[in-house]
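This document starts with one chain, in the form predicted alone, laid out as structure tokens.
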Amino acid sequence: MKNYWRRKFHLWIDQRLVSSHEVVLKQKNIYILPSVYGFLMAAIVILVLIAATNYQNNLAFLTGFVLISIGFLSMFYTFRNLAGLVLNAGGCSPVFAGETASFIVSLSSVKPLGHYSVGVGTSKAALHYFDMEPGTEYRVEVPQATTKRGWLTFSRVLCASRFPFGTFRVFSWQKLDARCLVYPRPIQPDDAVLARVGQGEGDSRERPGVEDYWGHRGYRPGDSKRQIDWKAYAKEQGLHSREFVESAGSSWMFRLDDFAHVDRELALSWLCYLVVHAERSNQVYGLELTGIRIDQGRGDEHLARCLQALALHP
């Protein structure tokens, strides 16, 4: 029953939140409620005032009114500790499905005041507390679980505090405009699939590089001085440049049509594994999906293009 009402409450919040890249916490979007200690203090004040009225004791009246004043001061300073904070949505590095995405939230203040014991997170149980001195900024990594590929929208963010006395709890729910790209979960295919994928596509070849000596060729304007064979030049054999090559490994073209017999999500997970494995193995590879073809290549940018195509494939 408790979880049911919690879900209803969060649904009610989501319907009223407007996604924004920057949010300023102020009176219209900050809520304040007594904590457990606040209710206990209220009960003590009521008992003291009842006793003071019953016995007509001026010292008891004074004690009760002092406690009420402390309560109002606690309410004011607790609210002021959160008011004026500015929340900005930062970036989020891509992750694979099943991993935890880390959204960056930058916090600053529109007031020359410090903000202490402030918690930021996606729920009350996952708050990250910090102190922010006047005129400084703070960056918080807010984790969020991932389950499927595609764009992951940043969920609502809770900002809360009980500073300074703990008798009141001030909080604000906000929705920041940020998202994270989630790649498919890499799943290794079985041996039968690996034997069939790219069959006849691999080829070992060499290309210009700097690893192994290959031979000589005539000097060309623009060649590096390090490539010139000065020994041959000293022997009056003319000006020649040395050539080097490096192995380019195997070349592969991974196609979604090769896995037409299995579920689409499983096929994309297999392709994700093959692409990542080819990159780590220093191989040249390409990717062909429905309506999309990425020519063969290698490197971090090429891998990011392939993984993004897999993540956003309809």
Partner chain sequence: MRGYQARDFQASPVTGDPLLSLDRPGVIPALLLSQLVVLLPLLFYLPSWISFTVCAVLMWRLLAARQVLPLPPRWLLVLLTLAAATAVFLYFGTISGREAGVSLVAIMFSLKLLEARHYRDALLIISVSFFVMVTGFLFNQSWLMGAYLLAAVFVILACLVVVNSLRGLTGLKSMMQMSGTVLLLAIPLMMVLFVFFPRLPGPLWRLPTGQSAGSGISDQIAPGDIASLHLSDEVAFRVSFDDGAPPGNGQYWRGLVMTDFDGLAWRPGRDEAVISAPPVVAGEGLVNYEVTLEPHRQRWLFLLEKPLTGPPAARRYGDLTWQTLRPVREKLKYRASSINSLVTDPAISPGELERNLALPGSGNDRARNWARDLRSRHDNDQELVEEILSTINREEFYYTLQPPVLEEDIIDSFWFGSRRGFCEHYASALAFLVRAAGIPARLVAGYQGGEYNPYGDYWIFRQSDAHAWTEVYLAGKGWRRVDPTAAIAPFRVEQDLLTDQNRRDHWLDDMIGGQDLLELPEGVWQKLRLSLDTIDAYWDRWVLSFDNETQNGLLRALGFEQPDLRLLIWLMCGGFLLVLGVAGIGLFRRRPEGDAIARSYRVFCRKLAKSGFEKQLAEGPADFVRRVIAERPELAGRIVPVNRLYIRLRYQTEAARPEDIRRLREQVRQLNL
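Positions refer to the first chain, counted from 1. Owing to the predicted nature of the structure, the values given are computational and were not obtained by experimental measurement.
One more form of this protein exists, namely the form predicted in complex with the partner chain; it is left out here, but the text below deals with it.
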- Answer yes if any heavy atom of Val262 is within 4.5 Å of a heavy atom of the partner chain in the predicted bound form; otherwise answer no. no
- Message: Within 4.5 Å, heavy atoms only: does Gly91 come near the partner chain in the predicted bound form?
- Response: no
- Query: Would Lys148 show up as a contact with the partner chain in the predicted bound form if we use heavy atoms at 4.5 Å?
  - Reply: no
- Query: Is Ala267 a contact residue for the partner chain in the predicted bound form, using a 4.5 Å heavy atom cut-off?
  - Reply: no
- Of the residues Asp131, Asp190, Glu137, Asp177, which one places a heavy atom within 4.5 Å of the partner chain in the predicted bound form? Asp131
- Task: Name the residue from Leu256, Ile32, Met253, Ala60 that puts a heavy atom within 4.5 Å of the partner chain in the predicted bound form.
- Result: Ala60
- Could you list the residues in 46 to 82 that come within 4.5 Å of the partner chain in the predicted bound form, counting only heavy atoms and keeping sequence order? Leu47, Val48, Leu49, Ile50, Thr53, Asn54, Tyr55, Gln56, Asn57, Asn58, Leu59, Ala60, Phe61, Leu62, Thr63, Phe65, Val66, Leu67, Ile68, Ser69, Ile70, Phe72, Leu73, Phe76, Tyr77, Phe79, Arg80
